[in-house]
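As structure tokens, one chain now follows by itself in the form predicted on its own.
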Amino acid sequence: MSADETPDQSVPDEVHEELMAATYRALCAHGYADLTMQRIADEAGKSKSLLHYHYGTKQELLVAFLGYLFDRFEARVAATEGDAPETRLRVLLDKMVPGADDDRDYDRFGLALNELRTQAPYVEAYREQIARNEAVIRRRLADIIREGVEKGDFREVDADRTASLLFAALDGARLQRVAVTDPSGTETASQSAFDAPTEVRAALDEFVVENLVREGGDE
């Protein structure tokens, strides 16, 4: 669980990892609307009572799952420590978009996650965790941009505003991909003609990242 939330100390790390992976599989298979604690338990090969013991309710489990996704992002950030700011920025942007070769589970999960996000205005726990995750992701992007400016690798820019632009563009692109994806796995005409995340990622490289990099900086 993320450092910003209060973890359930009664959940051993290996059990938490297993149950979070099972939650991912259950969301891919059933979507948010049809997700139940029993289906998650079945994916994990555990009893439903174990899930309730560790997480209480499905809502609390899903809040923990959102924290788990955040932790995975933080691990990606940590893996780039020591690299040049331009390299770090490009790697993180790549990690934030699904590639054309990602399997259908990614699209089904994206749809389920978007359904969960639509509940955020009505479920305070979802809203707070999603807002916390997104704020920290923007801050991490801004920190990398700020480091690049301080080292002279990037032009002088407003790091926070640039990070917000990058995040909003990629978040919108992921949403657009979900909107045109057939959950059954059948590729639609609009999806095959335009892969929003890939196109937006390329545009951000051309119009944002390339313009950030000072001439003579690291390529």
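As the structure is a computational prediction, the values presented were derived from the model and not from experiment. In this text, residue numbers run from 1 along the sequence as written.
Omitted from view is the form predicted together with the DNA, to which the following refers.
Taking the partner from the other structure, the DNA in the model of the complex has a heavy atom within 4.5 Å of a heavy atom of L50. When the DNA is considered in the model of the complex, R161 lies well away from it, no heavy atom lying within 4.5 Å. Under a 4.5 angstroms non-hydrogen atom cutoff, the DNA in the model of the complex has V15 among its neighbouring residues.
The DNA is not drawn, but in the model of the complex it has no heavy atom within 4.5 Å of K151. Checking M37, V63, C28, L170 against the DNA in the model of the complex, a heavy atom within 4.5 Å turns up for just one residue: M37.
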